[in-house]
Structures are given as structure tokens and as C-alpha cells.
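One chain follows as C-alpha cells, the form predicted alone.
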């Protein structure tokens, strides 16, 4: 068994935390896990990518065409790493763009989100959710990464149960935020259920 997951987004969106929680879930289930992270130049706002490789693996790196799933907190960040997705892979992305500073000051233009989604859907099974709205409804926008974990769990793509991932969320979040994050996880899970 091999599972290769790629988390992407920008600094400050909880990409590392989300990937860490998932990796710890696999560890508590006795699975072999390797993880890597790459930060952009900026602590906040720069591109961030994490990989979680599970099973009979010897590197945390994912070759082009090797990822089973891309979980992205931002649409263009999913597109940035789309070459890592295998042919029949799954992309789960938040629909809300994060406008970079160079776009804000008029030096560049953010791509049309519909064109981004069109390209993503041509490369794999695309699941779009409004994770930011769900996170706000759960109590705080900062829970968007946990909403995305809930959505990932709801897709039944992993060899571990939803309850194990939720348990790991609870074990890795400060106690005073557990209830809000549990709500975010369950709302993310329901967002992808038909």
C-alpha cells in the first residue's frame, strides 16, 4: 500500500498543521509515514507545500505524476502543483483565492478562477468547496485547514477512518479550540457528502 498526498496553499493557511495532523493519524495507526515541507520566501503569503507519503515508501518527495490526492487551501496553489497529480488523482480545493501583494498593487493579474477550475478538472477529479465560508460558520476562518481535512476524510480515499482523523485533530489542537475544530471537521466532511 502506498498513499501519496500533497497539501498546498500559502503561508498562514495551516498547510503544515493539516499535513502534520494527517501524518500523526497514520503514525498512531502503526503506518510508516514520511513527510516533507517547503516554505516560500515569505512566512505569510508565500507558497507552501507539504507531502505525506504512507506505506512502503523511502522518500517523502513525490515525483511528477505520483500524487494520489492534492489538498489545496487556494485554487492557484493547486494548479501550481498539478503536475504532481497522477492521471486518475483527486484534487480537493477551497474556491477562495488569496490575492498576492503584486496583484493587489496592480503589477500582476490573478487568473480567472473559472479558468483555473477548468484546467484542474481536466487533470483529475476536482472537488471544490467553500472552505473559508464553512470555517467562518464553524467559529473562525483559521479552521479552514481542518475543514479541508474533514473534506478529505469525507471522500473515503484513505485507508484510515474518519473518526481516527478527527481524534488526531482533537489530540493536536489546544483544548480550548477542540470544539470549534470538531465542528469545522464535521462541516467539511458533510460538504463533500452527496
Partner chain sequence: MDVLSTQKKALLLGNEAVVRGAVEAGIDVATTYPGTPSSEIADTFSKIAQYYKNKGLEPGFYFQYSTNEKVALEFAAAAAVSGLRALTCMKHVGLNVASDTFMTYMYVGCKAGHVIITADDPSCHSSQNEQDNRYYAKFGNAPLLEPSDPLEAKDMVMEAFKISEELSLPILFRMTTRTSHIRGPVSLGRINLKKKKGKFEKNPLMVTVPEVARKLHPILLEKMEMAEKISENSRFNYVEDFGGNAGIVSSGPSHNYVREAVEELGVKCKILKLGMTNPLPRKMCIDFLKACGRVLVVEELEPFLEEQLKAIAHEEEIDVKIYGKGYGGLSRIYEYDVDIVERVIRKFFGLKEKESASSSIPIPPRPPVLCPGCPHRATYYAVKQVAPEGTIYPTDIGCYTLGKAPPLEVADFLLCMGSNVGTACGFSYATNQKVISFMGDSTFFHAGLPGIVNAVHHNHDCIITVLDNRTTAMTGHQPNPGTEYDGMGNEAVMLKVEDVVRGLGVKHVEVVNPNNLEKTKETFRRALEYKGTSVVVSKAPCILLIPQERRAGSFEIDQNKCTKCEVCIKKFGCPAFYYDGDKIKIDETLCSACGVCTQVCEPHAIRRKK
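Numbering follows the first chain given and starts at 1. All of these numbers come straight from a predicted model, not from anything done at the bench. Only the largest set of C-alpha atoms that superpose within 1.5 Å between the two forms is called the rigid core.
Quick note: we don't show the form predicted in complex with the partner chain, though the next part is all about it.
Novice: With a cut-off of 4.5 Å between heavy atoms, is residue 164 one of the residues that contacts the partner chain in the predicted complex?
Specialist: Residue 164 lies outside the contact set for the partner chain.
Novice: Is residue 170 part of the interface with the partner chain in the predicted complex - any heavy atom within 4.5 Å?
Specialist: So residue 170 does not count as contacting the partner chain.
Novice: Indicate whether residue 37 is a 4.5 Å heavy atom neighbour of the partner chain in the predicted complex.
Specialist: Yes, residue 37 is a contact residue.
Novice: Is there a heavy atom of residue 103 no more than 4.5 Å from a heavy atom of the partner chain in the predicted complex?
Specialist: Flag for residue 103 set to yes.
Novice: Candidate spot 128, 139 and 192, all three in 4.5 Å heavy atom range of the partner chain in the predicted complex?
Specialist: Verified in the predicted complex; spot residues all out of contact, no.
Novice: Suppose contact means any heavy atom within 4.5 Å; which members of 94 to 128 contact the partner chain in the predicted complex?
Specialist: Counting only heavy atoms within 4.5 Å of the partner chain in the predicted complex, the contacting residues of 94 to 128 are 98, 99, 100, 101, 102, 103, 104, 105, 107, 108, 109, 110, 111, 115, 116, 119, 123.
Novice: Answer yes if the Cα of residue 107 shifts by 2 angstroms or more between this form and the one not shown on a rigid-core superposition, and no otherwise.
Specialist: Yes; residue 107 is a residue whose C-alpha shifts (by 2 Å or more) between this form and the one not shown when the cores are overlaid.
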